[in-house]
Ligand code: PLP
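The data below hold one chain only, encoded as C-alpha coordinates and taken in the form predicted on its own.
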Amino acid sequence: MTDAHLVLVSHDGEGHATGVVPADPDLAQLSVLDLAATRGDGVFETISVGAGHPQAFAAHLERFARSARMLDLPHPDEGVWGDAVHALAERLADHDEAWIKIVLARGVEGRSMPTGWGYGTVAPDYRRERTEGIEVVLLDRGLRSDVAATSPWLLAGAKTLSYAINRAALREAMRRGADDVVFVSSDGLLLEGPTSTLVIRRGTELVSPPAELGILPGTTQVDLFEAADEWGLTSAIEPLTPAGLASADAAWLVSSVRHAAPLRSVDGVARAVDGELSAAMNGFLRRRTH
(Lines give C-alpha, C1' and ligand atoms only; values in the text may rest on other atoms or scores of the structure.)
Protein backbone atom coordinates (compact mmCIF):
# COMPACT_ATOMS: atom_id res chain seq x y z
CA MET A 1 0.00 0.00 0.00
CA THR A 2 1.72 3.19 -1.19
CA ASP A 3 2.66 5.77 1.45
CA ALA A 4 0.74 3.95 4.20
CA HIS A 5 2.36 3.19 7.52
CA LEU A 6 1.26 1.31 10.64
CA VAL A 7 2.52 0.95 14.20
CA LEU A 8 1.05 -1.17 16.98
CA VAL A 9 0.92 0.10 20.56
CA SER A 10 1.48 -2.79 22.96
CA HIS A 11 -0.14 -2.98 26.41
CA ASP A 12 0.37 -5.07 29.51
CA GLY A 13 -2.35 -6.99 31.33
CA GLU A 14 -3.23 -3.94 33.43
CA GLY A 15 -3.89 -1.81 30.38
CA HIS A 16 -0.67 0.24 30.48
CA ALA A 17 0.92 1.11 27.14
CA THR A 18 4.41 -0.39 26.99
CA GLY A 19 5.83 0.37 23.56
CA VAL A 20 5.49 0.92 19.84
CA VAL A 21 6.15 -1.74 17.20
CA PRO A 22 6.21 -1.10 13.41
CA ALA A 23 3.83 -3.32 11.46
CA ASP A 24 2.91 -4.04 7.85
CA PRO A 25 -0.37 -2.28 6.92
CA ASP A 26 -0.98 -4.84 4.16
CA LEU A 27 -1.12 -7.75 6.60
CA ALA A 28 -3.98 -8.67 8.94
CA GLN A 29 -3.34 -7.31 12.45
CA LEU A 30 -6.68 -7.30 14.28
CA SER A 31 -8.45 -10.28 15.86
CA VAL A 32 -11.98 -10.92 14.61
CA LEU A 33 -12.97 -11.02 18.30
CA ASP A 34 -11.59 -7.56 19.04
CA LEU A 35 -14.27 -5.25 20.41
CA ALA A 36 -13.02 -2.52 18.07
CA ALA A 37 -14.48 -4.59 15.23
CA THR A 38 -17.42 -6.33 16.87
CA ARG A 39 -18.78 -3.48 19.02
CA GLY A 40 -17.02 -0.28 17.97
CA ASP A 41 -15.89 -0.16 21.60
CA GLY A 42 -12.97 2.23 21.39
CA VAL A 43 -11.83 5.77 20.71
CA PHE A 44 -9.73 7.45 18.07
CA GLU A 45 -8.20 10.70 16.92
CA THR A 46 -7.20 11.84 13.43
CA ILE A 47 -4.22 14.18 13.39
CA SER A 48 -3.18 16.32 10.44
CA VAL A 49 0.52 16.17 9.54
CA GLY A 50 2.17 19.01 7.66
CA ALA A 51 5.61 18.15 6.21
CA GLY A 52 6.25 15.74 9.07
CA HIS A 53 4.81 17.94 11.85
CA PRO A 54 1.77 16.62 13.75
CA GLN A 55 -0.62 19.56 14.06
CA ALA A 56 -2.59 20.43 17.21
CA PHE A 57 -0.81 17.41 18.68
CA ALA A 58 -1.25 18.21 22.37
CA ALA A 59 -4.93 19.04 21.87
CA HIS A 60 -5.51 15.76 20.07
CA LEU A 61 -3.82 13.75 22.81
CA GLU A 62 -5.87 15.59 25.44
CA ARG A 63 -9.10 14.84 23.56
CA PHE A 64 -7.97 11.21 23.07
CA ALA A 65 -7.59 10.89 26.85
CA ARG A 66 -10.95 12.60 27.43
CA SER A 67 -12.73 10.14 25.14
CA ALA A 68 -10.96 7.22 26.83
CA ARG A 69 -12.19 8.43 30.24
CA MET A 70 -15.74 8.63 28.96
CA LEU A 71 -15.55 4.99 27.85
CA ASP A 72 -13.73 3.82 31.02
CA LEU A 73 -10.71 2.83 28.95
CA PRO A 74 -7.16 3.00 30.35
CA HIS A 75 -5.56 6.43 30.27
CA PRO A 76 -3.42 6.69 27.10
CA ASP A 77 0.23 7.11 28.05
CA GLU A 78 1.29 10.39 26.43
CA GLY A 79 4.89 9.27 25.98
CA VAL A 80 4.10 6.01 24.22
CA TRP A 81 1.33 7.44 22.05
CA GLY A 82 3.56 10.41 21.28
CA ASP A 83 6.26 7.99 20.11
CA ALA A 84 3.69 6.30 17.87
CA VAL A 85 2.58 9.56 16.26
CA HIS A 86 6.09 10.90 15.76
CA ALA A 87 7.30 7.61 14.26
CA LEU A 88 4.53 7.78 11.68
CA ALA A 89 4.98 11.51 11.06
CA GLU A 90 8.67 11.01 10.27
CA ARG A 91 7.74 8.50 7.58
CA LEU A 92 5.34 11.03 6.05
CA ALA A 93 7.72 13.99 6.17
CA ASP A 94 8.10 14.15 2.37
CA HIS A 95 4.42 15.05 1.97
CA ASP A 96 2.95 18.52 2.47
CA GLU A 97 -0.28 17.08 3.84
CA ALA A 98 -0.86 13.73 5.50
CA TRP A 99 -2.86 12.34 8.39
CA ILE A 100 -2.47 9.89 11.25
CA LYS A 101 -5.24 7.99 13.02
CA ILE A 102 -4.60 6.65 16.51
CA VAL A 103 -6.97 4.06 18.00
CA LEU A 104 -7.41 2.69 21.51
CA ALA A 105 -9.99 -0.11 21.87
CA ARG A 106 -11.05 -2.42 24.67
CA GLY A 107 -9.39 -5.41 23.01
CA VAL A 108 -10.46 -9.01 22.57
CA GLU A 109 -13.70 -9.76 24.38
CA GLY A 110 -13.14 -11.49 27.70
CA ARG A 111 -9.56 -10.30 28.09
CA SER A 112 -8.21 -7.30 29.98
CA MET A 113 -5.62 -6.09 27.45
CA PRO A 114 -6.53 -3.09 25.24
CA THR A 115 -5.70 -2.87 21.55
CA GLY A 116 -3.90 0.15 20.18
CA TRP A 117 -2.51 1.22 16.85
CA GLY A 118 -1.59 4.19 14.71
CA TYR A 119 -2.01 4.43 10.95
CA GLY A 120 -0.72 7.18 8.70
CA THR A 121 -1.02 8.03 5.02
CA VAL A 122 -1.13 10.91 2.53
CA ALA A 123 -4.12 13.26 2.70
CA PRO A 124 -6.62 13.52 -0.19
CA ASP A 125 -6.63 16.61 -2.40
CA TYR A 126 -9.20 18.95 -0.83
CA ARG A 127 -8.46 22.03 -2.92
CA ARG A 128 -11.93 22.06 -4.49
CA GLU A 129 -13.73 21.80 -1.16
CA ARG A 130 -11.54 24.52 0.37
CA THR A 131 -12.03 26.97 -2.48
CA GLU A 132 -15.40 26.25 -4.15
CA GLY A 133 -17.04 25.12 -0.92
CA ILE A 134 -19.44 22.33 -0.04
CA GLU A 135 -23.21 21.85 -0.05
CA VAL A 136 -24.72 20.75 3.27
CA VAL A 137 -28.09 19.68 4.62
CA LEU A 138 -29.44 20.09 8.13
CA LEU A 139 -30.36 16.76 9.74
CA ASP A 140 -32.07 16.16 13.07
CA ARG A 141 -29.79 14.21 15.40
CA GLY A 142 -32.83 13.16 17.45
CA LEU A 143 -31.32 14.22 20.78
CA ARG A 144 -31.84 17.31 22.92
CA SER A 145 -29.00 19.76 23.31
CA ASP A 146 -28.67 18.88 27.03
CA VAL A 147 -28.08 15.18 26.37
CA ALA A 148 -24.47 15.28 27.58
CA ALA A 149 -25.69 16.34 31.04
CA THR A 150 -28.87 14.27 31.24
CA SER A 151 -27.62 11.03 29.62
CA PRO A 152 -23.81 10.71 29.81
CA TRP A 153 -24.03 7.01 28.89
CA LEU A 154 -24.90 8.07 25.34
CA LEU A 155 -21.29 9.32 25.08
CA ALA A 156 -22.22 12.57 23.33
CA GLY A 157 -18.98 14.42 22.68
CA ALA A 158 -16.73 11.34 22.78
CA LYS A 159 -14.81 10.42 19.63
CA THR A 160 -15.69 6.74 19.49
CA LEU A 161 -15.28 4.07 16.84
CA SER A 162 -19.09 3.75 16.67
CA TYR A 163 -19.45 5.81 13.49
CA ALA A 164 -22.32 4.00 11.77
CA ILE A 165 -24.74 6.87 12.44
CA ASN A 166 -22.32 9.46 11.11
CA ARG A 167 -21.74 7.42 7.97
CA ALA A 168 -25.49 6.98 7.51
CA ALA A 169 -25.96 10.75 7.80
CA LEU A 170 -23.38 11.34 5.06
CA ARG A 171 -25.13 8.84 2.80
CA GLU A 172 -28.40 10.68 3.42
CA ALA A 173 -26.71 13.94 2.45
CA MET A 174 -25.56 12.36 -0.80
CA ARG A 175 -29.08 11.10 -1.49
CA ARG A 176 -30.20 14.72 -1.17
CA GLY A 177 -27.51 15.90 -3.57
CA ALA A 178 -25.28 17.41 -0.87
CA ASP A 179 -21.73 16.81 0.32
CA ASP A 180 -22.03 17.00 4.09
CA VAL A 181 -24.28 17.47 7.10
CA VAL A 182 -24.83 19.86 9.98
CA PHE A 183 -26.67 18.11 12.81
CA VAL A 184 -29.46 19.92 14.65
CA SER A 185 -30.64 19.00 18.15
CA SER A 186 -34.28 18.04 18.67
CA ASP A 187 -34.75 21.36 20.49
CA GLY A 188 -33.51 23.35 17.51
CA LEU A 189 -29.82 24.14 18.11
CA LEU A 190 -27.03 23.65 15.58
CA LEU A 191 -24.46 21.08 16.66
CA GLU A 192 -21.66 19.83 14.37
CA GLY A 193 -20.93 17.86 11.24
CA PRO A 194 -20.36 14.10 11.30
CA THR A 195 -16.59 14.71 11.16
CA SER A 196 -16.29 18.47 11.62
CA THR A 197 -17.03 21.58 13.66
CA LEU A 198 -19.32 24.39 12.53
CA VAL A 199 -17.91 27.93 12.41
CA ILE A 200 -19.81 31.00 11.18
CA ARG A 201 -18.73 34.58 10.55
CA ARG A 202 -21.10 37.22 11.82
CA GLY A 203 -19.66 40.57 10.85
CA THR A 204 -16.17 40.63 12.36
CA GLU A 205 -16.84 37.77 14.77
CA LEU A 206 -16.27 34.03 14.37
CA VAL A 207 -18.76 31.91 16.32
CA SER A 208 -19.00 28.20 17.06
CA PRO A 209 -21.43 26.15 19.20
CA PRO A 210 -20.35 25.15 22.73
CA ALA A 211 -19.12 21.63 23.49
CA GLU A 212 -21.61 21.49 26.37
CA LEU A 213 -24.29 20.77 23.77
CA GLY A 214 -22.85 17.27 23.45
CA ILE A 215 -20.53 17.91 20.52
CA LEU A 216 -16.88 17.04 20.07
CA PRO A 217 -14.55 19.88 21.12
CA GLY A 218 -12.95 20.99 17.84
CA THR A 219 -9.14 21.19 17.77
CA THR A 220 -9.15 22.94 14.38
CA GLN A 221 -11.77 25.42 15.55
CA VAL A 222 -9.65 26.26 18.60
CA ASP A 223 -6.60 26.98 16.43
CA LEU A 224 -8.62 29.17 14.07
CA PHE A 225 -10.10 31.16 16.95
CA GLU A 226 -6.62 31.72 18.41
CA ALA A 227 -5.56 33.14 15.02
CA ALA A 228 -8.71 35.25 14.53
CA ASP A 229 -7.03 38.53 15.45
CA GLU A 230 -4.59 38.04 12.54
CA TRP A 231 -7.59 38.59 10.25
CA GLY A 232 -9.10 41.46 12.27
CA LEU A 233 -11.72 39.19 13.84
CA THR A 234 -12.89 38.31 17.32
CA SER A 235 -14.35 34.96 18.39
CA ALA A 236 -17.10 33.62 20.59
CA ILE A 237 -18.60 30.31 21.70
CA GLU A 238 -22.39 30.42 21.91
CA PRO A 239 -25.48 28.45 20.85
CA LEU A 240 -26.50 28.84 17.21
CA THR A 241 -29.77 28.17 15.40
CA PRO A 242 -30.62 27.42 11.76
CA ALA A 243 -31.89 31.00 11.46
CA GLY A 244 -28.53 32.24 12.72
CA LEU A 245 -26.75 30.14 10.11
CA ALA A 246 -29.02 31.49 7.37
CA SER A 247 -28.26 35.09 8.33
CA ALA A 248 -24.50 34.57 8.84
CA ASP A 249 -22.10 36.33 6.49
CA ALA A 250 -20.20 33.08 5.89
CA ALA A 251 -19.90 29.60 7.35
CA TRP A 252 -17.46 26.68 7.34
CA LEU A 253 -17.16 23.10 8.46
CA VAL A 254 -13.65 22.76 9.85
CA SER A 255 -11.74 19.57 10.58
CA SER A 256 -8.22 18.24 11.02
CA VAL A 257 -7.64 16.88 7.51
CA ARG A 258 -10.02 18.74 5.19
CA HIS A 259 -9.32 21.97 7.13
CA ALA A 260 -11.81 24.81 6.43
CA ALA A 261 -14.52 24.00 3.88
CA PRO A 262 -16.84 26.96 3.25
CA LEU A 263 -20.57 26.28 2.95
CA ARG A 264 -21.84 27.27 -0.48
CA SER A 265 -25.39 26.07 0.14
CA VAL A 266 -27.58 24.90 3.03
CA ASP A 267 -30.63 22.72 2.27
CA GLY A 268 -30.38 23.76 -1.37
CA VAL A 269 -30.27 27.49 -0.66
CA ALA A 270 -27.13 29.11 -2.06
CA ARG A 271 -25.03 31.25 0.22
CA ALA A 272 -21.98 33.43 -0.27
CA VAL A 273 -18.51 31.97 0.12
CA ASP A 274 -15.88 34.16 1.78
CA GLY A 275 -13.04 33.13 -0.49
CA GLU A 276 -10.48 35.50 1.00
CA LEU A 277 -10.99 34.35 4.58
CA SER A 278 -11.24 30.71 3.51
CA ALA A 279 -7.84 31.00 1.82
CA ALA A 280 -6.37 32.69 4.90
CA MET A 281 -7.76 29.99 7.20
CA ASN A 282 -6.49 27.12 5.08
CA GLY A 283 -3.10 28.72 4.58
CA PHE A 284 -2.78 29.12 8.34
CA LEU A 285 -3.86 25.53 8.99
CA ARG A 286 -1.44 24.09 6.43
CA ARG A 287 1.47 26.07 7.89
CA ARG A 288 1.01 24.96 11.52
CA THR A 289 4.07 23.26 12.99
CA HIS A 290 2.77 22.56 16.51
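All figures in this text were calculated on a predicted structure; none of them were measured in a lab. The numbering used is simple: start at 1 and walk along the sequence shown.
Note that the form predicted in complex with the ligand isn't included here; everything after this is about it.
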(message) My question is simply whether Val254 lines the interface with the ligand in the predicted bound form - judged by any non-hydrogen atom within 4.5 Å.
(response) yes
(message) Is it the case that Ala105, even though its partner is missing from this view, gets within 4.5 Å of the ligand in the predicted bound form, heavy atoms only?
(response) no
(request) Give a yes or no for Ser112: in the predicted bound form, does one of its heavy atoms lie within 4.5 Å of a heavy atom belonging to the ligand? (result) no
(request) Decide whether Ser185 counts as a contact residue for the ligand in the predicted bound form under a heavy atom distance cut-off of 4.5 Å. (result) no
(request) Look at the stretches 88-96, 68-76, 129-137, 192-200 and give the one with heavy atoms within 4.5 Å of the ligand in the predicted bound form. (result) 192-200
(request) Report yes if all three of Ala227, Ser235 and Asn282 come within 4.5 Å of the ligand in the predicted bound form by some heavy atom, otherwise no. (result) no
(message) Can you work out which of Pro209, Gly116, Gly218, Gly120 has a heavy atom no more than 4.5 Å from the ligand in the predicted bound form?
(response) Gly218
(request) Would you mind checking 157-175 for residues with a heavy atom within 4.5 Å of the ligand in the predicted bound form? (result) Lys159, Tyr163, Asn166
